[in-house]
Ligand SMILES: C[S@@+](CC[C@H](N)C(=O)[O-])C[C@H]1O[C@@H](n2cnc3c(N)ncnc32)[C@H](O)[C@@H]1O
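Next up: a single chain in structure tokens, the form predicted alone.
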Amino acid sequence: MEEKIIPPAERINRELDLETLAAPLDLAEIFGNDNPLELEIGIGKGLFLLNEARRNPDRNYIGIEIARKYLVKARERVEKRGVPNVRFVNGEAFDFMEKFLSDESLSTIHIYFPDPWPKKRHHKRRLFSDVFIPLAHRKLKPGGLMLIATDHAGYWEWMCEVLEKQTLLVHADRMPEAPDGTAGLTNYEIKYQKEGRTIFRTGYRKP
């Protein structure tokens, strides 16, 4: 069956302009419902968000991306298919979560192939830290999930060290796996698996 593409003039802008919105966000007003909210940090070209939102119309999704060019590609991918339950934010994840999301507002946080900042002098820029875990814990609902995937062995070791030291989140039964019939969670995963790279995955939840 041929996919329906919305004509440009009929597309709805799904990007949130944070300068015009009060903090914390009124999610029921933004989405028009009170469905569970999932956040993807670092959306790349938006393949994961598009697929997940279409499979789960009873859930809402926000994707945040600091690189404007990727956010525009991801947003266009969603908007031209008329997917209603996705919103986009151009900005830095930590600040957005801290200011614009209420505590216990997220059912899931997705972190797939984040920038590893491989040089030692840049490690302080990595998302994962002793400060990020308490923030994620605060924003997750009880039972909420944090799902992680990376291809970078050094960053994986760093993540494991951070996760093993903390006591707020516990191991989850669920892992971030590509659904049946798809080649991967994200464009990065599809590319890396073709290259034969090892993909490291884990899942944690808020008790």
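All residue numbers refer to positions in the sequence shown, first residue = 1. The model shown is predicted, which means the values in this text are computed figures rather than measured ones.
Beyond what is shown, the protein has a form predicted together with the named molecule; the following relates to that form.
Enquirer: Of the listed stretches (36-44, 156-164, 54-62, 169-177), which one has a non-hydrogen atom within 4.5 Å of the named molecule in the predicted bound form?
Expert: Going by heavy atoms within 4.5 Å, the stretch is 36-44.
Enquirer: Would you mind picking the one in Glu104, Glu92, Glu98, Glu76 that has a heavy atom within 4.5 Å of the named molecule in the predicted bound form?
Expert: Residue within 4.5 Å of the partner: Glu92.
Enquirer: Using a 4.5 Å heavy atom cut-off, state whether Ile66 contacts the named molecule in the predicted bound form.
Expert: Result yes; Ile66 sits at the interface with the named molecule in the predicted bound form.
Enquirer: Given that the partner is absent here, does Gln193 sit within 4.5 Å of the named molecule in the predicted bound form, heavy atoms only?
Expert: Flag for Gln193 set to no.
Enquirer: My question is simply whether Phe88 lines the interface with the named molecule in the predicted bound form - judged by any non-hydrogen atom within 4.5 Å.
Expert: No, Phe88 is distant from the partner.
Enquirer: May I ask you to check whether Val72 falls inside a 4.5 Å heavy atom distance of the named molecule in the predicted bound form?
Expert: Output for Val72 is no: heavy atoms all beyond 4.5 Å of the named molecule.
Enquirer: So which bits of 145-174 sit within 4.5 Å of the named molecule in the predicted bound form, heavy atoms only?
Expert: Residues within 4.5 Å: none.
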